[in-house]
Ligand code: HEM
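Let's start with one chain on its own, the form predicted on its own, as C-alpha cells.
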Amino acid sequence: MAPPPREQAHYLLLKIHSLMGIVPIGIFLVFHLGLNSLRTVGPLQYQLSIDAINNLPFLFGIEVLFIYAPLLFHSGVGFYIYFSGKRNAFRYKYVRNWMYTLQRLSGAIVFAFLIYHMGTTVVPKLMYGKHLFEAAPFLIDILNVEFQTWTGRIIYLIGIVSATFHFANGLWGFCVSWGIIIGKTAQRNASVVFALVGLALTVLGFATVLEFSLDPVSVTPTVGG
C-alpha cells in the first residue's frame, strides 16, 4: 500500500531539503570560504577574485536562483524540522542524538549570522550602488573595520564554526539518508572524514579572519580607480 499523500509530500520535502544543503548551498560555502581565504595570499589576489564575481553577467539572477532561494527554502524547512521534531538529547545520551540537536541549533545560528553578514555587506553594497570594480574596495573596507573589534571577530568566528559544523555533519546525514554509506563501520569512517572536511574549512575561515585582523589593507578599484 502506498503511503498517504501527506507522508509522501513530507518525505519529498525532507529529501529536497537534504539535497539543497549540499547542492548548491554546501558547494557555495566551500567556494565562499576558499575565495575569502585568498586574503591570506595577498590583498590583490583577493580583490581580483571579488572583481571576477561582481563582473559576472546576470549576477543578481544567479545569486537569487542559486544562493538566496535555496538558502530560504533550506532554512524554512530546517526550522520546520526543528520545531516539529523531538529533541531527545537529554533523554537518550547517544552521540547521534546530540549531533541531531547540534545540527538544528547550528542551523539556527547560521541563519542569524547570514542575516547579520548580508546586512553589513550585501545590503550596503546595493544601497550605495557599489557594483563591478567598485564593489571590492567597498566590501574590503567594511571587513577591515569589522575585524578591528572583538565583537566583529567573535560574531564571524561563531558563524564560521556553526556553518562548517552544519555542513560537515549534514554531509554525513545526507550520505546516510540517501543510502550512499551503509553499515556502522562505513558510517563511522565517514564521520571521521567529514569531520576533517569541516575542520579544514574552519581553518580556512579562521585564517581569513586572522589576516583581516592583523593586516587591514584598503585597496583602490583595479579598473576606473
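Each residue number is its position in the shown sequence, starting from 1. For clarity, every value in this text was computed on a predicted model and none was experimentally measured.
Just so you know, the form predicted together with the ligand exists too; it's not on screen, but the next bit is about it.
Asks: Sort through G173, P43, G159, G26 and report the residue having a heavy atom within 4.5 Å of the ligand in the model of the complex.
Replies: Comparing distances to the ligand in the model of the complex, the residue within 4.5 Å is G159.
Asks: Honest question, do M118, T121 and T208 all end up within 4.5 Å of the ligand in the model of the complex by heavy atom distance?
Replies: Yes, because M118, T121 and T208 each have a heavy atom that approaches the ligand to within 4.5 Å in the model of the complex.
Asks: Do Y100 and the ligand come within 4.5 Å of each other in the model of the complex, heavy atoms counted?
Replies: No - in the model of the complex, heavy atoms of Y100 and the ligand never come within 4.5 Å of each other.
Asks: Answer for K125 alone: is it within 4.5 Å of the ligand in the model of the complex, judged on heavy atom distances?
Replies: K125 belongs to the contact set for the ligand.
Asks: With the partner left out here, check for me: in the model of the complex, does some heavy atom of S191 sit within 4.5 Å of the ligand?
Replies: Taking the distances in the model of the complex, the answer for S191 is no, it never comes within 4.5 Å of the ligand.
Asks: Closest heavy atom of F31 to the ligand in the model of the complex, within 4.5 Å or not?
Replies: Heavy-atom contact with the ligand at 4.5 Å: absent for F31.
Asks: Which residues from 101-118 come close to the ligand in the model of the complex, meaning a heavy atom within 4.5 Å?
Replies: Residues within 4.5 Å: V110, F113, L114, H117, M118.
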